[in-house]
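Consider the single chain below, provided in structure tokens and representing the form predicted alone.
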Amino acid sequence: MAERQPVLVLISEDPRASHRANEAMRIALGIVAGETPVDIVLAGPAVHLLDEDTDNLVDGDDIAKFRAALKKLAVPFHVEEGAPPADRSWNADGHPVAPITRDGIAALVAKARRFLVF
């Protein structure tokens, strides 16, 4: 059986200002639940999806719930290099993250079967 190509979910929306970042993460969780491999990339302000304090995020309660479910499923976030804030409280839950360059993001695009871009 051939290796299954992942679905790439690229999130660049700012969860402090838009519902779209949360919606993208919710959709990624749904795809993972269907046993399809998913690569999730947080670019630019989307890295705030991993902020400790979710009170400042649109849909903060849902974000905490969805990212906890993704952590439980051991789905890492690929985080654009240079985008995470220097604040020590960022990613306080210890969600698995993998730094990725723009070239790395391009490589994920090249190997993906489908794309969701928010």
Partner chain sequence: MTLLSLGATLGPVMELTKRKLGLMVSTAPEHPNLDTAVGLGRAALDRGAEVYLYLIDDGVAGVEDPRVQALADRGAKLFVCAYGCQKRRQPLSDKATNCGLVVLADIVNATDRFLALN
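All values derive from a computational prediction rather than experimental measurement. Numbering follows the first chain given and starts at 1.
The discussion below concerns the form predicted together with the partner chain, not included here.
Contact with the partner chain in the model of the complex, judged by any heavy atom within 4.5 Å, is made by just one of Ala83, Ile27, Ala92, Ala68: Ile27. Of the heavy atoms in Asp14, none are within 4.5 Å of the partner chain in the model of the complex.
Using a 4.5 Å cutoff between non-hydrogen atoms, Arg4 counts as a contact of the partner chain in the model of the complex. The shortest heavy atom separation between Arg113 and the partner chain in the model of the complex is within 4.5 Å. Remark: Asp59 counts among the residues lining the partner chain in the model of the complex, judged by a heavy atom distance of 4.5 Å or less. Considering the partner chain in the model of the complex, the lone stretch of 27-35, 71-79, 84-92, 40-48 in range is 27-35 [heavy atom distance within 4.5 Å].
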